[in-house]
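First, one chain by itself in structure tokens, the form predicted on its own.
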Amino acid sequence: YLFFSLSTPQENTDPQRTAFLLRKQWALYSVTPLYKFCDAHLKDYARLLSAFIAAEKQKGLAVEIGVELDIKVAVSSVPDLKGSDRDQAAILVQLSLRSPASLKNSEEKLVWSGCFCCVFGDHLSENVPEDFTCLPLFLVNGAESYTSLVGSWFQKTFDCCFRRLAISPLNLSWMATMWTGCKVDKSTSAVELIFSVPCQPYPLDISYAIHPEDAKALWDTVQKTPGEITQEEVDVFMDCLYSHFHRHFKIHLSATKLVKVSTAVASAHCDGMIKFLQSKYLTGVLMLLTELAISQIQ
């Protein structure tokens, strides 16, 4: 992983257009390439998906949302959400509830969002035939019942496959290290690491909070080449934190499992949940998640 790419601002990126991603909890999925997907047909896809959801609802398979409510589907392109010109523009799917009985301008309530994206993932698209579109990372915010419906329609329509994307303790330690090294204006957020201890009858969680300036100072002593991070440096950084913890509490964190990382940049959980907190570093975090999604597909 190259550290500079996490903090390189993208030209022509409008933070307003990607603000919908910030400060929400997103579930992560990997998606195999979509067959014969065309972003010129997004309005048609919205109409077909809407009809599919309505049909499933009538079958009684979908979540009961009340007789008086109707679901509106919007499918749109987010061209700002990509790493390079070779990446496919992100696709945003939104489900809103509205009341057909009331006026046309009645208030709609957004209940589910899903975003397909590819940030610096062009090495995947280079290896697939022309008829396929690569959007390997899928972010979801909303009820699982809607995720299941939308996923079913996309799988049937574009012959693709969705899988939950978990984040390993190794990748979480990379995230903790990378995000600690990011400069954030007036950061008050501690770097927090959550560890799970497998004990009976209930697992025990240990929370380890480090002042952001202390964590950054430690990282600055570990990092050899500005702009790059090696696995060895990640190991040294984490070992220093573990040693400090052991000195105070006589607990070996290396014997536990790292399950969550929270910083001023983002927070990530091993179950495949992410929360983006800084638009400045959004592209860099999405690049790392795109890489994880691609490695799961391959």
Partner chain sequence: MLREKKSFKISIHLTTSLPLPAERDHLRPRIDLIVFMIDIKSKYSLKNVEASLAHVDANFFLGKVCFLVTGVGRVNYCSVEMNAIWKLGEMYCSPVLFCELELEGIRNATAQRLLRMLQICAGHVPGISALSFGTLMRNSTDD
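Only a predicted model underlies this, so the values are computations on that prediction, with no experimental measurement involved. Residue numbers count along the first chain shown, from 1.
What comes next is about the form predicted together with the partner chain, which is not displayed.
**Contact residue in the predicted complex, chosen from Ala209, Leu170, Cys199, Ala217 - any heavy atom within 4.5 Å of the partner chain** = By the 4.5 Å heavy-atom cutoff, the listed residue in contact is Leu170.
**Request:** Identify which of His244, His269, Lys57, Lys257 has a heavy atom within 4.5 Å of the partner chain in the predicted complex; exactly one of them does.
**Result:** Selected option: Lys257.
**Request:** Sort through 220-228, 107-115, 120-128, 161-169 and report the only stretch with a non-hydrogen atom within 4.5 Å of the partner chain in the predicted complex.
**Result:** Only one stretch passes the 4.5 Å heavy-atom test: 161-169.
**Request:** Using a 4.5 Å heavy atom cut-off, state whether Asp235 contacts the partner chain in the predicted complex.
**Result:** The answer is yes: Asp235 has a heavy atom within 4.5 Å of the partner chain.
**Request:** Report whether the minimum heavy atom distance between His41 and the partner chain in the predicted complex is within 4.5 Å.
**Result:** Outside the cut-off, so no.
**Message:** Is Lys36 part of the interface with the partner chain in the predicted complex - any heavy atom within 4.5 Å?
**Reply:** No, Lys36 sits far enough from the partner chain in the predicted complex that none of its heavy atoms falls within 4.5 Å.
**Message:** So in the predicted complex, is the partner chain close enough to His252 to count as touching (4.5 Å, heavy atoms)?
**Reply:** His252: yes, in contact with the partner chain in the predicted complex.
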